[in-house]
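Given next are two forms of a protein chain, the same chain in both, each as structure tokens and marked structure 1 or structure 2.
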Structure 1
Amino acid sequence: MESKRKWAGASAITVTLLLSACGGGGPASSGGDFSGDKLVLAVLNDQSGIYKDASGPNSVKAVEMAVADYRTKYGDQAVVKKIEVTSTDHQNKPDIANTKASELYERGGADVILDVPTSSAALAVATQAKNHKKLFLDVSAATTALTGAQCNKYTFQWAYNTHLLATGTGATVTRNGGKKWTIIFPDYEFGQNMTKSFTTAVTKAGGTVQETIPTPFPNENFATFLTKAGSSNPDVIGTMQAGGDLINLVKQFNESGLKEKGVELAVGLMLINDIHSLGVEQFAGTLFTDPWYWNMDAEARAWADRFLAETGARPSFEHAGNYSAALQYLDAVQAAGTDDADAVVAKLEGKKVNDVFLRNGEIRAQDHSVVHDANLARVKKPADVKEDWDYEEIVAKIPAAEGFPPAEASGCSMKP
């Protein structure tokens, strides 16, 4: 199977090279409405660093799955026959993301850039998208600036933002009885923003944030931070740590005895891969917002089964988000009959969508935030786990209208 696909790819490239060498045009089936006679979907993300497992190479696989589904769906009716999926590593660095995005749009023939975790990198790519008048569908970055102060006509934010994480976890946990909060956060941009959003959400829901504790980043030893956080007897300790720091904190939280005293741990941003790598036992009982969970219903599960067969792992919400973004993009291209960015944007804007990833989804025209229902999840106890990757219990649905800020409040102005 794998080798067959490789052969197909290799022969396609050979044919293309031969054709271009002969000075001939592309295959007759593609009309003149496609730049370079083909469509290029460029996945730009972290292929080697801390976000590799959460999105990384498997996001490329997810986009390839969307392309395959597009072909199956439209068959001979497909307006574009030749579709390429490329993969580029931005190493989570904004300067590299900036250069790579520019290269992809200019020389790589990219019609759309997908994924792009790390907020600062995503903002750099958004600027390139605006300058090149090409599409950028961001999936994995959380900053609300993408659809707020720095929004533009060609940029969409597909999966989530810090506001969703804060209202999802902060407000829901508070309403469920966790009134008194202490927040521990890494003292840099993301941590500070998240703390602000959480504080607003908790206060609005009738709770109080008693204390916020900034920590160095990266940091390994959280022992005394946790003692300090526990000393004000909170109902909930909220942590905005991510990656290795989050694991350090959770392990030491479990040791500290706070759990036994009835203190709950709420995590600002966590992905299923974090639970998978650390083991469900360590995270058991932890509350967090998951924009999408592979086992949340039959439709999600069916797709997750395909994903498992392709990659050997269950998808994170970022993988599913990339699939959805690619699929909706291809649908919009089909509807527009061209890869011209302005025509595709017109087809996307305002569209109501339901697919594997988006439930009650709407691609908002005003700020290009793709809003949809999300979940508040609790990590299962080891005894309740029935199969591999069966880690989450959905505690509450977060309706789109509640999870995402209203478009009027986004501060976005689309004027070029």
Structure 2
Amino acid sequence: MESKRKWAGASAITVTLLLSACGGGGPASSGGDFSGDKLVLAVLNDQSGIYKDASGPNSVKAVEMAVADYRTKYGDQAVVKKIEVTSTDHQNKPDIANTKASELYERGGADVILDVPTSSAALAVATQAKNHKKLFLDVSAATTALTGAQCNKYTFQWAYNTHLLATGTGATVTRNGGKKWTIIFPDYEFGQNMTKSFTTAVTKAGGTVQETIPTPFPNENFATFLTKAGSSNPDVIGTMQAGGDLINLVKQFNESGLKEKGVELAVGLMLINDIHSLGVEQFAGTLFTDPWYWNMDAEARAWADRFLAETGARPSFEHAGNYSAALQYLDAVQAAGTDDADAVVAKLEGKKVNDVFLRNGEIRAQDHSVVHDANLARVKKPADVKEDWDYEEIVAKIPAAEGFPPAEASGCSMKP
């Protein structure tokens, strides 16, 4: 049974899922252990801008799939009968994210906020989670500050961070001969943090970052920045853009003549949707770090087939990450028997997880970084693509212990 309604205060779409009985006893009652006699999962992300395809509405669908699987798993033993999934557009703006998060916690009854691409927006939501003592499961923002200097008891970073991306891509490209780097980055928290992480990884691998060039965010025309980057004769231009900005930059790089001069383009963050949108021929041969790939094994593909049937598209790692975060949250609620945030946090901390998204996963108690194995991937040549969306060749696995910094190096001082 589903019903849809608009919540004007947070510009949210709400889907209510009622757990149906699987046995003669009927659904378990929410009772007094749940605020409002229901559970509210709020997806806060970019519904209309440059990150819409990477996450956006399909991350909402992934969370709804997690709710459905929770219902199937527990049936009439589920501790909560009524679960709502809401979605709200933060437009990639930290001030809007801050306001919407506060509204979701206070007026929308959100027990947990999920997703939140754009690192500056995610940091704003983390502050609201701390202030309201409600959970925030970050999936799409990569800044290490979330599990470092600005960590808090109620925030978890689920999918990846800039250290993982730099360790995979930056270090490998440098070891393969790309010693002299120029980095082009969007001038906000994500781009700044990516530049710092890549500079560290490149330097550690024996290379040098000779110049860093900030760009507006978002941006469409990168010609001037690419010309400036090429003027220093680098081996590698590292782009820290993502989503629509990355697509624009790659297209303009391919038209600039820099590739013909022997300059390699290294991509800091790329998702399957970027390749699909611009075309595999535009990215062919590009090495990058992918936390999860839909066709990496039978388990991932089986879930991706379900996702394709629901959405008409293959999932990005952010879609799979949202599914995992929602499902593990619901399992923690089931174990706690309540939506009380402190009780749920206690069930999440230290948990070892292997699911569709997390392989060799652990939800670290020390800094709330969710560490897991990831992939070093290369974009296939067009002739090697055997089916739509199958654009990646997995070159190597990145073990969790290598991809994520140790907890003691995170700089996190965990406080409520």
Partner chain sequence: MSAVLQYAVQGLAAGSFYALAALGLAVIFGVLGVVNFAHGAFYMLGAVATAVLLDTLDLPLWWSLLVVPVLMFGFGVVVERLLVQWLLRLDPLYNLLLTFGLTLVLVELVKQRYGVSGLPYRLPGGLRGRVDLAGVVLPRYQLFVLLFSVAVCVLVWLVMTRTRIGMIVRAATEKPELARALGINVGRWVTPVFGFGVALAGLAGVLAAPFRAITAEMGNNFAIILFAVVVIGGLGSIVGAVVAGFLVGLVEAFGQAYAPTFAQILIFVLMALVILIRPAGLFGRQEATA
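All values derive from a computational prediction rather than experimental measurement. Here, rigid core means the biggest group of C-alpha atoms that superpose within 1.5 Å across both forms. For residue numbers, the reference is structure 1: its sequence is counted from 1.
- Here the chain appears twice, and structure 1 is the form predicted in complex with the partner chain.
- Within the set Y154, M270, F317, Y391, M270 is the hinge position, where C-alpha fit passes from one rigid part to the other between structures 1 and 2.
- Of the two rigid parts, the smaller turns 19 degrees against the larger between structures 1 and 2, judged by C-alpha superposition.
- The Cα position of T203 changes by 3.0 Å between structures 1 and 2 once both are aligned on the rigid core.
- Summarising the core-aligned comparison between structures 1 and 2, the C-alpha atom of G230 is found to shift 6.6 Å.
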